[in-house]
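As structure tokens, one chain now follows by itself in the form predicted alone.
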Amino acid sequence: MVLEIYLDLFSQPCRSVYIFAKKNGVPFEYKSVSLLAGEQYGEEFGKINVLRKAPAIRDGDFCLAESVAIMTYLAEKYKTPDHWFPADLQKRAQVNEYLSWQHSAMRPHGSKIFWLKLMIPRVMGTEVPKEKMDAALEDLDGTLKLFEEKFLQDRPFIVGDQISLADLVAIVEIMQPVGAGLDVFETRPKLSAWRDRVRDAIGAELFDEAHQGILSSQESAKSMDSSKLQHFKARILKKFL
């Protein structure tokens, strides 16, 4: 049975898994799951991932959730090039350090901007208080500074001269606020140069394909059916406002 990967490319973790699998020639069947439409709560998807999140995979009788777990599983199974998840103990520890940190830093702060700047006001029709937006922008700015100073420093990539899973997970998260109209690279030359190196390492065509949906989200928000979000509107507003 072919490997099945359940994805919604509006989701940052889904993009990282998609890019990693495509870049490394992992054979898989793309299974679309619309998170905004709530398809993750369907009966069939529940059999794949009881956590009700995408991405998820089914490899024969084996099912797995969580993007980092999925990518490390694929790296081991398909013996992808060492730079993605290095065998060297200290280099792998550096990758794991970033992957552990980003869950409570880069991911929530980038996502929050996307919802506060685009989805909540323009799709849900709910006003976002200025102090909420200002606080979210401050949090993201602090996180990006930490990323540059602690994780990137003066290296081409997070772990030296080659791209790793850490860079891949970082870039998809940092692109999320860009999709809402906040160009976080504009005043950060170091971050911008790193973004260009990551795009080149992935391949411009694949990078652009994976981010096409999120980068056109301001336009697609104009015609988005807000009723699709009603089933978790209260949860979203509670989380971000």
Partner chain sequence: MSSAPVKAYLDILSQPSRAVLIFLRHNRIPHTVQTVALRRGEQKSAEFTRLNPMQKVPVIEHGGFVLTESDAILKYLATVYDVPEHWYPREPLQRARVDEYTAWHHSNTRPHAARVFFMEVLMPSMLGRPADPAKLQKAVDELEQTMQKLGEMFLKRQAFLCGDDISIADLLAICEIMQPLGGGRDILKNHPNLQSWRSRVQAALGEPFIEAHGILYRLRDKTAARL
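Numbering follows the first chain given and starts at 1. Predicted, not measured: the structure shown is a model, and the values here were computed from it.
Another form, the form predicted in complex with the partner chain, is not on view; read the next lines as being about it.
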- Task: Indicate whether Ala65 is a 4.5 Å heavy atom neighbour of the partner chain in the predicted complex.
- Result: yes
- Message: I'd like to know whether Arg155 contacts the partner chain in the predicted complex, with contact meaning heavy atoms within 4.5 angstroms.
- Response: no
- Heavy atom of Leu237 within 4.5 Å of the partner chain in the predicted complex: yes
- Item | Exercise: Leu241 in contact with the partner chain in the predicted complex, heavy atom 4.5 Å | yes
- Query: Taking Gln90, Leu146 and Phe151 as a possible spot, do all three reach the partner chain in the predicted complex with a heavy atom inside 4.5 Å?
  - Reply: yes
- Message: Can you tell me which of 48-56, 24-32, 200-208, 178-186 lies within 4.5 Å of the partner chain in the predicted complex, counting heavy atoms only?
- Response: 48-56
- the partner chain in the predicted complex has a heavy atom of only one listed residue within 4.5 Å, and of Ala37, Ala193, Leu215, Ala69 that residue is Ala69
- Note on the structure: The one residue among Asp82, Asp161, Glu76, Asp134 placing a heavy atom within 4.5 Å of the partner chain in the predicted complex is Glu76
